[in-house]
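Before any questions on binding or motion, here is one chain by itself as structure tokens, the form predicted on its own.
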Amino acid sequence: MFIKKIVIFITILLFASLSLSAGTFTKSASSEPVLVQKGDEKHWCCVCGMNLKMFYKTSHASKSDDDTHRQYCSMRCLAVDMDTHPIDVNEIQVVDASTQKLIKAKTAFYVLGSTVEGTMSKVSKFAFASQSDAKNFVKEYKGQIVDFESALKNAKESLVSDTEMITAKKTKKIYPMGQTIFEKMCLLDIDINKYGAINELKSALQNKKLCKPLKEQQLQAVALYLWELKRFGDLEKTNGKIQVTEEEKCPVCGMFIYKYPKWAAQIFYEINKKEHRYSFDGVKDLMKFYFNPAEWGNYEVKTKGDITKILVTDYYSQKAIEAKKAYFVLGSDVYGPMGNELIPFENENDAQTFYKDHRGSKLIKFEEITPQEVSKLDE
């Protein structure tokens, strides 16, 4: 009987060892994953659209000041999102690769650079609540144990090279596959600009039957093609959109405007009967400048009276519209390059639809915008 127990014990140990071997270790959830986002889009990463259950053991979650929850397939996507959303670092959570529970990222032990393939990154990052679990992982898969700050620093520093790697794969295989599937199996008049994030688009493709039934890999390829390629291709073809050069920077935040065509806005003024302009990466920064140009530097526009025209980008049509005739939604769950935004619409019905669909807190006209309303967006 004693020998039998010993055999059973050794068998259990061998099974545990095999389950953690490089050949069998999987990043997918082995039980029901904890998903913190709302709506049907909660199943996918809000940055890249990857299936969260499939990449659960590298998943991170964040919470903004307005209690908006977002979830990512990887620390790489978290790092990308931190550039455009007001994320509270103290509220970031990560999945413990051992217990598969969400834990505070700041207290986690990260294994950096193991032999297990990374998620959206050349360097893998796995987190553990227990230091002993992290050490056991290192024994099996190499790598070094670091804290959250070090892991995040690595993710930010490798963003450029990781993005180049990912883009090369998409360009060679995924985009062409996505285009083929889209043209054969989906409605061709999908309004991509209705959606605030790729996981919203992906949810609509699946749940609103915008495409015939697709497997996850096919669905991801279509979503990436539409969101990252066709969406911007369509923007280039949009007549009457706001035009910017690659050199133009926002006077308020210093960001390059051409990177964010969906949010571009402009203030115009005249000198010696010649028209000049300042371009902004969103209405929020434009309004900050509009109310007090001198706060942002020594610009030729000194007061609101020097301004001859203001253009903003209609969220749905992506066309340039006159700001003073537009409708603006505040406090929605859609963020611009600088976080909370005033989102413009030429048509009041479009503004009302967006206001309801994206949980807006207020719908106002240009003349109702105040410095206080703008300031609240940064709180």
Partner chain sequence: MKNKINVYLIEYAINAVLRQKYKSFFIVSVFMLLTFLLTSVFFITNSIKHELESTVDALPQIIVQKIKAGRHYDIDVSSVDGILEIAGVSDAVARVWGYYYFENAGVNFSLVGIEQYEKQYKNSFESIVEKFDLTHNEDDSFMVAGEGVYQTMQQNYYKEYFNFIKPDGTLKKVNLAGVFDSDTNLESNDMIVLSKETLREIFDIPESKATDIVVRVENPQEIQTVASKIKLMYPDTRIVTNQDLKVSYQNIFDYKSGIFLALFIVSLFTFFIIIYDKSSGLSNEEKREIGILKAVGWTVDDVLKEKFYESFIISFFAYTLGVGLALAYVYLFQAPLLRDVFVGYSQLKTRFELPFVFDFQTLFLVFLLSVPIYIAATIIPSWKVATLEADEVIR
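Think of the rigid core as the biggest set of C-alphas that the two forms share within 1.5 Å after superposition. Since we're looking at a predicted model, the values are computed, not measured. Positions refer to the first chain, counted from 1.
Just so it is clear, the following notes concern the form predicted in complex with its partner chain, a form of the same protein that is not shown.
- Only one of 249-257, 286-294, 193-201, 115-123 lies within 4.5 Å of its partner chain in the model of the complex by heavy atoms, and it is 115-123.
- Although the partner is absent here, residue 315 is a contact residue: one of its heavy atoms lies within 4.5 angstroms of its partner chain in the model of the complex.
- Interface membership of residue 93, defined by any non-hydrogen atom within 4.5 Å of its partner chain in the model of the complex, is ruled out.
- Among heavy atoms of residue 271, none comes within 4.5 Å of its partner chain in the model of the complex.
- Taking the partner from elsewhere, residue 365 is found to have every heavy atom lying beyond 4.5 Å of its partner chain in the model of the complex.
- None of 172, 208, 304, 139 but one reaches within 4.5 angstroms of its partner chain in the model of the complex through a heavy atom, and that residue is 172.
- Contact with its partner chain in the model of the complex, judged by any heavy atom within 4.5 Å, is made by just one of 65, 350, 322, 40: 350.
- Using a 4.5 Å cut-off to its partner chain in the model of the complex, each of 177, 180 and 184 places a heavy atom inside that distance.
- Residue 262 is the only one in 248-262 with at least one heavy atom within 4.5 Å of its partner chain in the model of the complex.
- Put the two forms on the same core and the Cα of residue 72 is off by less than 2 Å between the shown form and the other one.
- Once the rigid core is used as the reference frame, the Cα position of residue 196 differs between the shown form and the other one by less than 2 Å.
- Core-superposed comparison between the shown form and the other one: the Cα of residue 126 travels less than 2 Å.
- A decrease of at least 3 Å in the separation of the C-alpha atoms of residue 318 and residue 177 is found in the model of the complex, compared with the displayed form.
- Compared with the form shown here, the C-alpha atoms of residue 334 and residue 52 sit at least 3 Å farther apart in the model of the complex.
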